[in-house]
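The chain that follows stands alone, in the form predicted alone, written as structure tokens.
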Amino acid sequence: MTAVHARQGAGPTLLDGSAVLSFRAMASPITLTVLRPGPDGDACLERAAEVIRDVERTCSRFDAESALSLANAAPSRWHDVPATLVWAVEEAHRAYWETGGLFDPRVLDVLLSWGYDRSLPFGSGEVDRTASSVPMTPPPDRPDGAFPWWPEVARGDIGWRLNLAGQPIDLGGIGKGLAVRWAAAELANAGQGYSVDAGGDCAFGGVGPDGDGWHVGVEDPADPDQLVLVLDLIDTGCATSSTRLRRWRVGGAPVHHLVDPRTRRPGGDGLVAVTVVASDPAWSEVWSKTLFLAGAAEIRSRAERLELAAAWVEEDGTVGTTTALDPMVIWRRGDV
């Protein structure tokens, strides 16, 4: 899902002197860019790419051999795991508490019951996963929000150990945000400016192609070839949560991957996309998802209360922005 992407100058052609590394990971196209790189620019790009691949190998629930999948298979037991997974679980746990449980990775069982068991997006919503579905009401004996989430980590003799406290988890969103955070750290001193674009989760640092900030287009979910906003960003992250790609049908009912842990049903009534700009790309991801769950009726009040720089697109095409984001907007759809 590429709902936010860097727009370099007037088009997608990179300026002379830029170093670019593109590949695919975490079910997304990845583009790493360093403007006017220093002598170790290429090495920095390779290290940044390896950071992203490491997160995918470690934290993907779609790889049966990943450290996360092995821990998920026996979530009440202790497992020897890589440090990357420990850091990701600890950050997810922090997000769980700081959002009052709105960010809760324990909705994995709901997603699986709806047939979301593969990494490819389901597309336009025409796929019906009825054969693998269960009723959409939450099991009465285990709603996610009914008990606190306390995963445990410990240092073992040769590394880290993890216990998921009895319930499998999905680290997809925050995992990608953390991959962008850690990749950006590898590029921080690689040149005069850099960008990390991981299909909707991004980080930007230093000067952009025109010598000022990075011009970032926010796509129209109804037509990804069109933009609703262009933002001017520097030294920050941004992320978009959207139902444009990952939506499908279960037993004839529409569902998507942004599950409200309070109801264990699809959240975000009236919304199709939410973008958040924050200094940390992982927290841009966390806040974009939790704001989405507010729905069209409540998103403005919640975002303003949290003082977040946010934009959203409603089902009827209405575009909203917060006062914290407004100074970053350099173009809006409808501007002459």
Partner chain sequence: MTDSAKVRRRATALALIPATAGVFGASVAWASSHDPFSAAAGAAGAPAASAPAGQTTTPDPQATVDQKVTDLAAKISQAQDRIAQLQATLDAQTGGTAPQPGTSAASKSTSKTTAPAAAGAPAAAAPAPKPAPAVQVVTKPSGA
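Numbering follows the first chain given and starts at 1. All values reported here derive from a predicted model rather than from experimental measurement.
Beyond what is shown, the protein has a form predicted together with the partner chain; the following relates to that form.
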{"property": "is_contact(residue 245, the partner chain) in the predicted complex, heavy atom dist at most 4.5 Å", "result": "yes"}
{"property": "4.5 Å heavy atom contact, residue 58 to the partner chain in the predicted complex", "result": "no"}
{"property": "Residue 295: touches the partner chain in the predicted complex, heavy atom cutoff 4.5 angstroms", "result": "no"}
{"property": "Close approach of residue 20 to the partner chain in the predicted complex, 4.5 Å, heavy atom", "result": "no"}
{"property": "The partner chain in the predicted complex: contacting segment from 106 to 114, 75 to 83, 158 to 166, 191 to 199, heavy atom within 4.5 Å", "result": "191 to 199"}
{"property": "Heavy atom within 4.5 Å of the partner chain in the predicted complex - residue from 187, 238, 179, 89", "result": "238"}
{"property": "Contacts with the partner chain in the predicted complex, stretch 275 to 300 (heavy atom within 4.5 Å)", "result": "275, 300"}
